[in-house]
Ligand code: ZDR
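One chain comes next, on its own, written as structure tokens: the form predicted alone.
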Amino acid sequence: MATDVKGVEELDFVKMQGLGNDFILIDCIQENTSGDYGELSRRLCDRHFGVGADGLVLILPSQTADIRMRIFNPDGSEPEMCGNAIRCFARYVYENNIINKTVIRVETLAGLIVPELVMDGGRVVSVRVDMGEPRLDRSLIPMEGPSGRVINESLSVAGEDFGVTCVSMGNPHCITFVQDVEGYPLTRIGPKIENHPVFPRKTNVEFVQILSRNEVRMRVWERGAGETLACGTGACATGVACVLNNLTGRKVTVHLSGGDLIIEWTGDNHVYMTGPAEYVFSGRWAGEIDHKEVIK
């Protein structure tokens, strides 16, 4: 981030995407900047007046891990984690010599996340991420109500009842299984579940159709972003929910609107996600930003 003390901001950025879930990445290490990144995200992520993206990703130093990632939604809110973003993040910091190893310990609001770059002839072909252990107790999602797991529990939303399974992957997810996910009214139901009072921090919402014991189709309504082409943590939560409901095995291909993710819930209770991370373009954004809003 290049900063003119007179108030003109110029941001060097890279645009990346994972299965069509797109992000603006800014390297904050050199400048060691801080500020109102929520407001910056609202402006940058706007697809008409900004760069356009599903989120703003900041690359920051860490005192507890190799590197730190923060992410902000288009509405300015800061989620705990994003699976598609961390794959893009890992590829970027490796290929730009910020971190010179293929297994990277990343500090996030969801805790320590460990992506591993899958290489072929010195080239990154995909990223496999140890997403950690799923949190299944209601209080850890978080969700109002008595302690215990939420598995195919009835949730009343605007006069309709839904069987929901709730999982936290460091951020909250509410999964419901449907017969025809393509024709499902996601944009009508998604925001109602997202903002249901039973979820004190709101929730991401996944609508899932079972195709076989090792394949599912998922559409997602993301908290703070709306419908997106993919959600990595949502795919992980979906894999866990499928096992909890005895609908699939512990390794499943999740077909999303933007492509496929392979999700494994292994015997060590960790969830592993494997998928792509691709560059879109790099550039410099020069916007009329109130200096006080960006740099403290």
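So that there is no doubt, residue numbering starts at 1 and follows the sequence shown. None of these values were measured; they are calculated from a predicted model.
Unshown form predicted in complex with the named molecule; subsequent notes refer to it.
Contact annotation: of the candidates I113, M81, V164, M143, the single residue with a non-hydrogen atom within 4.5 angstroms of the named molecule in the predicted bound form is M81. The closest heavy atom approach of C231 to the named molecule in the predicted bound form falls within 4.5 Å. Among heavy atoms of N73, some come within 4.5 Å of the named molecule in the predicted bound form. In the predicted bound form, the named molecule stays beyond 4.5 Å of every heavy atom belonging to R219.
Though the partner is left out of this view, T108 does not reach within 4.5 Å of the named molecule in the predicted bound form, counting heavy atoms only. For the named molecule in the predicted bound form, the listed stretch (82 to 90, 150 to 158, 180 to 188, 113 to 121) containing residues with heavy atoms inside 4.5 Å is 82 to 90.
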